[in-house]
Ligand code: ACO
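To begin, one chain is listed below as structure tokens, in the form predicted alone.
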Amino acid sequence: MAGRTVVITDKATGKSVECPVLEGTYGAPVIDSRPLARELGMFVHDIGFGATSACRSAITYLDGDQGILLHRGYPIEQLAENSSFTEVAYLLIHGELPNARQMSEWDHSIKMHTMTHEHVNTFYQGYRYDAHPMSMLQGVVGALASFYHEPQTDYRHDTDHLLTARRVIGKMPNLASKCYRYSNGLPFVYPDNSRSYVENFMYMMFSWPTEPYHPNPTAVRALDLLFILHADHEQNASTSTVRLAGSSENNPFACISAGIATLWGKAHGGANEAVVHMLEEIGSPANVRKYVDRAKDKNDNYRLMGFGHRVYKNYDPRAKIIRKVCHELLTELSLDQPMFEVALELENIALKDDYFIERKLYPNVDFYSGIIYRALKIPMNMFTPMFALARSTGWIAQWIELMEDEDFRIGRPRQLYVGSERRDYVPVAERSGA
């Protein structure tokens, strides 16, 4: 409804303020609360920003109640079925799907940025042999700010944003693969631009200088699919971090590094590692019921990982897609499937249990992704760097959108102060107990 407003009244003073209601393409209407500060001197208290719209965005929409995820209006199911990761990257950056010529030029332009400066390689040497790959990835991505930085750069007006996007998307597989190679004492592998984006990444990860490398096409497609599903997911913690860092008109690689730091947390990108640990602990489908009962016991602090989501209150659409490809991959590669069988039994019991149904605890994207990474022989400490590699596409799309936003302003959340009242300083010798 055009011109819709919400009136908020302070009963203590009788003063009222009219707040505009903003309508998006989809989703709940949003109250523009800015008049509260101007008219009543009040702010909205929203811990974790779960009920706060901090920006306008045309990139990704998700409906947690209905289990819907759209990128630029396209359902994730259709993109997963028909698209490729680099095409989804084009969509996120440009807003539309490319034609054949545009797609060819886009792929070529990304391949022209797969190399990194040789001096970047020396950064890896400063890490301990057992450093977590996310620690390395955060550091080297941040270091790229020193290779692509002009002191007086106006990132909002003077920067070629598409060039920045191509650099980020093109270099992330190179940087991530070196984290794995360094951790395992293997020589770094230069990219081979005759290969596709995902195959090139696998080549840099797993090839040996002495042997030809030909990855299984099913494995390439499975990883490409995971990258599509991880490419963007609206204003989550890491994306919000990238936007907040960018709001200070910061170097884009520094912003991406900040996003990597946030993604690393076990409550965000690190959750798929926790799922694998859980499935290994359960061990067998016969043990699933015991662990489900433990999770339901309020006196037991045990938690089942990979269930529930901050936004989704229905089955995560990405989890449905991953479940299918997980089964196909394991069958194609003729791999033993005990962990997958445990996951299937756990999902089967949980989806029929009133405890999980009432709390809307459905499998999320992390529930099956770790099994696929395991099948691809990707070590557990590389799970989150894989996530970061894919999500950097969404991050840079969000960064560009922020830079080009007419309503751009630096992020500055407020707080509810609950500390001491004003008090005067007392010299140490005069304090009680001195």
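Superpose the two forms; the largest set of C-alphas matching within 1.5 Å is the rigid core. The first residue of the shown sequence is 1; numbering continues from there. All of these numbers come straight from a predicted model, not from anything done at the bench.
We do not show the form predicted in complex with ligand ACO, though everything after this point is about it.
Of the candidate stretches 197-205, 155-163, 267-275, 320-328, only 267-275 has residues whose heavy atoms lie within 4.5 Å of ligand ACO in the predicted complex. G308 is the sole member of G308, P285, P215, G95 with a non-hydrogen atom lying within 4.5 angstroms of ligand ACO in the predicted complex. Only one of L402, V365, L376, I59 comes within 4.5 Å of ligand ACO in the predicted complex through a heavy atom, and that residue is V365. Using a 4.5 angstroms limit between non-hydrogen atoms, H149 is distant from ligand ACO in the predicted complex.
The shortest heavy atom separation between A254 and ligand ACO in the predicted complex exceeds 4.5 Å. The closest non-hydrogen atom of F383 lies beyond 4.5 Å of ligand ACO in the predicted complex. Contact check for Y355: a heavy atom falls within 4.5 Å of ligand ACO in the predicted complex. With respect to ligand ACO in the predicted complex, the three residues A295, R359 and F387 uniformly fall within 4.5 angstroms at the level of their nearest heavy atom. Once both forms are fitted on their core, a CA shift of 2 Å or more is seen for D353 between this form and the one not shown.
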